[in-house]
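Heads up, the chain below is alone and in the form predicted alone; it's given as structure tokens.
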Amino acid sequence: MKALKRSPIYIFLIIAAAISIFPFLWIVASATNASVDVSNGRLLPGAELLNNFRNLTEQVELGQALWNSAKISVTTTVLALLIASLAGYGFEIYRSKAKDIVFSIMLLSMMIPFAAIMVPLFQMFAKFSGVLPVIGIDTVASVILPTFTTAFLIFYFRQSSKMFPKEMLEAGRIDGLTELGLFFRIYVPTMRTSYAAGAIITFMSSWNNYLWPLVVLQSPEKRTIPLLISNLGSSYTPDYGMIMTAIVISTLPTALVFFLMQKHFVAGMVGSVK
């Protein structure tokens, strides 16, 4: 009887799951077909995967683009987790009215779209090019610095810190640990699920970032994988099979990171909500 009452819910969930996963299955199937088959809407797998992959590697520097994206994403993720967790930890553990005001102002910055600050950011990095070329236009640093942490990630770590047992900090102080020692030796190991969830969010966002790298990166050898895929689709006669193959390859790292940390991601998000 209970199964009959729940059957509409199960049917709805099955339909929603099928709709959600269909685009990915279509992309995977298209990667195995020729361009003309993709244009004709073929949904069944074909036998052109190796040809599409060979054409892709012959026409573009796929390995270089993947390395550029990996370098930027990993560096951004490490810096974001370190700085955002320190900030969230500080806002929650060391409470004061002044810090609450700063935190509120920081949350207001989440309402400003990135497109609104993109031009001033570009002008700022253009000026850096003449003074500090290492962080000027067309450098890895110019991609990482504006995006290595966000107000949302700081807010997430502050919410997660609300669940942190404060008694552990008092015990650590009695044992003679410094404030940084408390953070790195007690807080970080205890909040590993929150770090895993933050790592997934940051890595996926950085890996799929398109707009800012498009603006600031000018050399072809420094392009990331989203820029490479965009260039593949900009020709007069795009090879859709090759483009779909590149898309499938570009999704593998993010899918791998998510599935490896899936359990920690769920636990970290639930903890931050509580």
Partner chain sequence: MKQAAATNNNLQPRRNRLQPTWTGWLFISIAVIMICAFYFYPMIQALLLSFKTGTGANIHYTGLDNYKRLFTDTVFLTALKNTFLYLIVQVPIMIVLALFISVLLNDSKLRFKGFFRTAIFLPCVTSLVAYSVVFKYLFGGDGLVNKLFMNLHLISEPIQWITDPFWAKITIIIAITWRWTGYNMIFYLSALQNIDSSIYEAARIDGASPIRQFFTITIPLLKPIILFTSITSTIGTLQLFDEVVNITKGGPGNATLSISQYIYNLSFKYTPDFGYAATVSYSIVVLIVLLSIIQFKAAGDKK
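For the two forms, the rigid core is made up of the largest set of C-alpha atoms that agree within 1.5 Å on superposition. Bear in mind that the values here come from a model prediction, so they are computed numbers and not experimental data. Residue numbers count along the first chain shown, from 1.
Form predicted in complex with the partner chain: not shown, discussed below.
Determine whether any heavy atom of Ile249 comes within 4.5 Å of a heavy atom of the partner chain in the model of the complex, and answer yes or no. No.
Is it the case that Thr149, even though its partner is missing from this view, gets within 4.5 Å of the partner chain in the model of the complex, heavy atoms only? Yes.
With the partner left out of view, is Pro120 within 4.5 angstroms of the partner chain in the model of the complex by any non-hydrogen atom? Contact check for Pro120: yes, within 4.5 Å of the partner chain in the model of the complex.
The partner chain contact in the model of the complex: Gly41, any heavy atom under 4.5 Å: Because a heavy atom of Gly41 falls inside 4.5 Å of the partner chain in the model of the complex, the answer is yes.
The partner chain: the contacting residue among Val140, Met168, Val188, Leu86 in the model of the complex [heavy atom, 4.5 Å]: Of the candidates Val140, Met168, Val188, Leu86, Leu86 is the one lying within 4.5 Å of the partner chain in the model of the complex.
Residues within stretch 9-33 having a non-hydrogen atom within 4.5 Å of the partner chain in the model of the complex: Residues within 4.5 Å: Ile9, Tyr10, Phe12, Leu13, Ile14, Ala16, Ala17, Ile19, Ser20, Ile21, Phe22, Pro23, Phe24, Trp26, Ile27.
Gln59: after superposing the rigid core, is there a C-alpha shift of 2 Å or more between the shown form and the other one? No, the C-alpha position differs by under 2 Å between the shown form and the other one.
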